[in-house]
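Presented as structure tokens, the chain that follows is alone, the form predicted alone.
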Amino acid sequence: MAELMYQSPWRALAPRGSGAGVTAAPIERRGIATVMARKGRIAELGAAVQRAYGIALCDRPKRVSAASVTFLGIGPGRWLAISQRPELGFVAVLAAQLDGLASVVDQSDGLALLQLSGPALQSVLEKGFQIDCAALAPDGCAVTSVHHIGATIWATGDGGFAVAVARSLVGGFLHWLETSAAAGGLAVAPDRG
């Protein structure tokens, strides 16, 4: 039986220009799931997440994190749950913990995550994102578009941002990022996980 080999969606990510105006670091092999609360079950869902992860789930565009997971509010009664470390089985465990309270859909192979930081980051984000990313609170997040590509962006609390885009659209996103960041330089860092 043939085994599938993991290939990073960011394998084409490479430094551009000189300097490090923006530093990009792939976030690899994370468990990712969309969590959609069942009708009338948000309070119970919040209690289940609190018991399982010690997180007070917010039903608004906000990032809340614990040691093992981050929840991003991506719409009314909807979150994107991301494991903090590469973990096999994260989505299955999450689905079991939230059974009957939410629909949990595995996005681990469908979304690609990238951490962005650097002194030129804000000016680069302004070149493509349809929102003022600087206005996001330190734990804010938004579902928007960049260069006509659907994206979820969130502040990471350290002055940087992380972005989730469809894995199939990484090439278009990289074209925008490399072009927009080239003037100040695009550096590449390894996964922090």
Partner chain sequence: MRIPCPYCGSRDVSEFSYLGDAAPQRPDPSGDASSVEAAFFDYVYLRDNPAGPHRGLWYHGAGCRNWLVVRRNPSTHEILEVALAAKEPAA
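What you see is a predicted model, and the numbers here were worked out from it, not measured in a lab. Positions refer to the first chain, counted from 1.
Here the subject shifts to the form predicted in complex with its partner chain, a form of this protein not shown in this document.
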Only one of Gly75, Gly110, Pro86, Pro119 gets a heavy atom within 4.5 Å of its partner chain in the predicted bound form. Which one? Gly75
Heavy atom within 4.5 Å of its partner chain in the predicted bound form - residue from Ala166, Ala47, Ile131, Ala137: Ile131
Name the stretch, out of 25 to 33, 155 to 163, 142 to 150, 49 to 57, where some heavy atom lies within 4.5 Å of its partner chain in the predicted bound form. 142 to 150
For a quick check, can you give me the residues of 19 to 40 that have a heavy atom within 4.5 Å of its partner chain in the predicted bound form? none
